[in-house]
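Below you'll find only one chain, the form predicted alone, shown as structure tokens.
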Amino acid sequence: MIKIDKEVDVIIVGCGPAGSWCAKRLAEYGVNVIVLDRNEEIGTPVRCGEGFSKTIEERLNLKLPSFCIAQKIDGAFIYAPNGKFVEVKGFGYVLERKMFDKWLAIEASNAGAKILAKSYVYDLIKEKGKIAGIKANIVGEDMEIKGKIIVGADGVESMIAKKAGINTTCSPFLVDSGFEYELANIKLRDEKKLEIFLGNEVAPRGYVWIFPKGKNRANVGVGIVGSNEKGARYYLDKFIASREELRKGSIIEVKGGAIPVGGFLRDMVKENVLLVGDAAHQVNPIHGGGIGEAMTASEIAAKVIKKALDKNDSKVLKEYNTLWYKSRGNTLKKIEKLREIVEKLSDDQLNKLAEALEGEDIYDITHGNYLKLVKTLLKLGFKLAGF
């Protein structure tokens, strides 16, 4: 067995993009950090459309290696329910998420973090009423590791949040259900363009996506409101069956999971425990993308954690709430408001909206400029409660 320190500065639970990026930054600051992930292989199973924008790459000063990129993207087709579409410019990638997550973990390890796969954290250690570490089964062996600060990067159903007493509950209406196939031998309209299909019949309170992963291969998925009785797979299978260019394909991989689309936490910190990524509901509410949001939050968290360690004062961790809301949270709340507007539109209204927005900067709208959308809706004569 490899050497594992029984006492560290920071314990991170979950080695997705949030956990790995936080660990990398902390290790670069000289912090003794360990990351535990319950899966046997970092990066699996994939529960993601695998989209990643150029804007996020630049924000985080990333240099993505070519083996993490399945396809470079230069725009998208957004389809109204009547089949008409708006073409949008925008640069980014469809990732090979398994490779991307593993690469991030290796980067964190090379920076000095300890990464441990097949390490299931099942409880927290408490001493004199305070959280002092974790209990975990690490590659079949039960161990206790003490840490000054614990980071929950363990997903939307965060066990760390529950054990620490951080309330992450939200309305079931704010959690979408996603289901996706990776299909091969299909015909793509343009392998450098994402395709987004809107409509209440296609995907209630959501959309169907086609994210190309090279020639004749793509992630084809759907996200819908989680409370829908028919389920996400029903809508995806129905969509694929209606399109000859898809129904002849082969299923290479099946993916699915829950997607938080709102209900941002007012307080993501309790004593010496802090949440990042899906565990803190840090996802774009209108398109469900979470990789960039998770990594941005982790960058902020790492700086605050280093400051708390230097001052030997866990109360400093509360600064994370303020800094995240200033940097991303307030913008995401505006986007949540935008989603609440759009989800009430009928298919006919969506058709009219698509025509009215032709030529507009759709990327700008979906990333927080909801006032532009409101003005467009008002021009079309739609009644909007609260505006």
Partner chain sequence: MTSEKILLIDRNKCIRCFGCVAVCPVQALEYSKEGPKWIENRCTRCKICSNFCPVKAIRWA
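All figures in this text were calculated on a predicted structure; none of them were measured in a lab. Numbering follows the first chain given and starts at 1.
The same protein also has a form predicted together with its partner chain, omitted here; what follows describes it.
Colleague: Among 289, 262, 257, 112, which has at least one heavy atom within 4.5 Å of its partner chain in the predicted complex?
Modeller: Of the listed residues, the single hit is 257.
Colleague: So its partner chain isn't shown here. In the predicted complex, which residue out of 58, 40, 355, 28 has a non-hydrogen atom within 4.5 Å of it?
Modeller: Among 58, 40, 355, 28, a heavy atom within 4.5 Å of its partner chain in the predicted complex occurs only for 40.
Colleague: Please identify, from 144-152, 118-126, 97-105, 200-208, the stretch that has a heavy atom within 4.5 Å of its partner chain in the predicted complex.
Modeller: Going through the listed ranges, the match is 118-126.
Colleague: Would residue 226 sit within 4.5 Å of its partner chain in the predicted complex, counting heavy atoms only?
Modeller: Yes, residue 226 sits close enough to its partner chain in the predicted complex that at least one of its heavy atoms falls within 4.5 Å.
Colleague: At 4.5 Å between heavy atoms, is residue 231 in contact with its partner chain in the predicted complex?
Modeller: Because a heavy atom of residue 231 falls inside 4.5 Å of its partner chain in the predicted complex, the answer is yes.
Colleague: Give a yes or no for residue 179: in the predicted complex, does one of its heavy atoms lie within 4.5 Å of a heavy atom belonging to its partner chain?
Modeller: Residue-level check for residue 179: yes, a contact with its partner chain.
Colleague: Does residue 169 reach its partner chain in the predicted complex, with heavy atoms at most 4.5 Å apart?
Modeller: Taking the distances in the predicted complex, the answer for residue 169 is yes, it comes within 4.5 Å of its partner chain.
Colleague: Would you confirm whether the three residues 47, 157 and 175 all fall within 4.5 Å of its partner chain in the predicted complex, going by non-hydrogen atoms?
Modeller: Verified in the predicted complex; spot residues all in contact, yes.
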